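We begin with a single chain expressed as structure tokens, specifically the form predicted alone.
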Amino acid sequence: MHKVYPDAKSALEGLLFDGMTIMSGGFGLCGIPENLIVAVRDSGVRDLTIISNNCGVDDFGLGLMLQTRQIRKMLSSYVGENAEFERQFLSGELELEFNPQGTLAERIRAGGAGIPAFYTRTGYGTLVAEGKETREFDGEMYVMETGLVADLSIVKAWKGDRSGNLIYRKSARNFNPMMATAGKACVAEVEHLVDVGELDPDQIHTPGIYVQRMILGPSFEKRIERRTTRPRE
């Protein structure tokens, strides 16, 4: 099966439609599928539900699609670095479903594993638990959370082979592996594309069976979301 496409636009062809749900890998700006995000924006697809830990920054990453009003709803854990996100949410233009970070990760993992729901102690007795089923186990109260799946997952890897096997680099692994399993289709962009057999099987994080299409990213900015340094003496 031919999985490698010449560019992000062609890799997304036939997969995008208005009103769809997209999972987008990354944590802050680390490990985000930069080129695929731009291609989704340029496609003009609208009314999107985006599942991602955060929504980039005002002029980069998923924040680009906030500028063009293509996102209707976000399922996120942290949104503190994006002024436009705040403005749209407070004005009622953007729906938001907040998730504790570990809960969001487990909801995605569960969706990819075919687990429809699970119980967690996180959030019990808070706004997070409102309207959700609760249950007692061994004297402790738990909240039921549902697994998450998407019409499309877009992920970023450090290295991949032509069969779609992926290796992520250090902290850029973050949400990418679990999101790759939880989309009805997965498109990956990689920094290095190698032939089948060149990757050590013991080092592969995402098996190629989960990846339908992939591209060799033409460039990566790899911005730092918030640079924190101490003054030199």
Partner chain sequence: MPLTREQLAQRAAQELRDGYYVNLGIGIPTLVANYIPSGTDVMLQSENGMLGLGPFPYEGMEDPDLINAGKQTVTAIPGTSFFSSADSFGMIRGGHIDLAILGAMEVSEQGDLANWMIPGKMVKGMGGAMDLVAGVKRVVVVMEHTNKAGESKVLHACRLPLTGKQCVDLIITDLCVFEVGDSGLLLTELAPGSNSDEIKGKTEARFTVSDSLREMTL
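Positions refer to the first chain, counted from 1. As the structure is a prediction and not an experimental result, all values here were calculated from the model.
The same protein also exists as the form predicted in complex with the partner chain; that form is not shown, yet it is the one meant from here on.
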| Between the options 30, 48, 199, 64, which residue brings a heavy atom to within 4.5 Å of the partner chain in the predicted complex? | 30
| field | in the predicted complex, residue 86 touching the partner chain (heavy atom, 4.5 Å) | value | yes
| query | Is residue 113 close enough to touch the partner chain in the predicted complex, meaning at least one heavy atom pair within 4.5 Å? | reply | no
| field | 4.5 Å heavy atom contact, residue 109 and the partner chain in the predicted complex | value | yes
| Can residue 81 be called a contact residue for the partner chain in the predicted complex at 4.5 Å between heavy atoms? | yes
| query | Just one of 167-175, 37-45, 181-189, 65-73 has heavy atoms within 4.5 Å of the partner chain in the predicted complex; which? | reply | 167-175
| request: Just give me the residues of 125-149, first to last, that have a heavy atom within 4.5 Å of the partner chain in the predicted complex. | output: 125, 126, 127, 128
